[in-house]
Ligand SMILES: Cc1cc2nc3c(=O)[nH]c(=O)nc-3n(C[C@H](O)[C@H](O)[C@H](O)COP(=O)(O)O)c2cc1C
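Read the single chain below, which is given as structure tokens and is the form predicted alone.
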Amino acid sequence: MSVDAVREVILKRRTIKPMQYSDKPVEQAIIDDILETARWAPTHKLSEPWRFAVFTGGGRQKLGEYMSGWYKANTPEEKFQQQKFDRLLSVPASSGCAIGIGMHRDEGERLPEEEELLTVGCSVQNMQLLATAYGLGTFWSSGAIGFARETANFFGFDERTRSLGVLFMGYPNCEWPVSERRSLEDRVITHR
């Protein structure tokens, strides 16, 4: 294992939104490989709380119809924005693949919910890193629609599973974005 290769994929990972994806589909074998990496996130007591709903082909259009419909049904008329409705309708179909993200609490609730949420976050990061290695851009969308109980139901999750949004991925039709981060100086406290 190369430290430099691991560092490179971590530093290269960027949020790339579906409007920046080409129409090239993501192959099922790649989707399966990306989901496999999610299984290997750290998981206290081996609770494995992650759940996924995969949308490819026509499923992406159904997701867009659901998202735009949810927005219209749950937005007061005076706050409704046609542009946002149209974007929600088209974004999933613009992606090569969309994955609904869920967090399932075990029956005994052996762990605090926060721990399970962090575990799912780690699993999504694993997926984003491998997607980056495959040359795929990713965008984890959450917000009101992503967290709604109706969304968990739409994904096919059971009642103990919360929806945590959608991970969109696709091959960028743009230059790979570059970014910077602020220095760690103000963000690290060292005790010696």
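Remember, it's a predicted structure, so these values are computed and weren't measured experimentally. Counting begins at 1, following the sequence as shown.
Another form exists, predicted together with the named molecule; not displayed. Remarks below refer to it.
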Even though the named molecule is not shown here, does R182 get within 4.5 Å of it in the model of the complex, heavy atoms only?
no
is_contact(W140, the named molecule) in the model of the complex, heavy atom dist at most 4.5 Å
yes
Partner contact for T15 in the model of the complex: the named molecule, 4.5 angstroms, heavy atom:
yes
Listed range touching the named molecule, judged in the model of the complex by heavy atoms within 4.5 Å, from 64-72, 42-50, 23-31, 142-150:
142-150
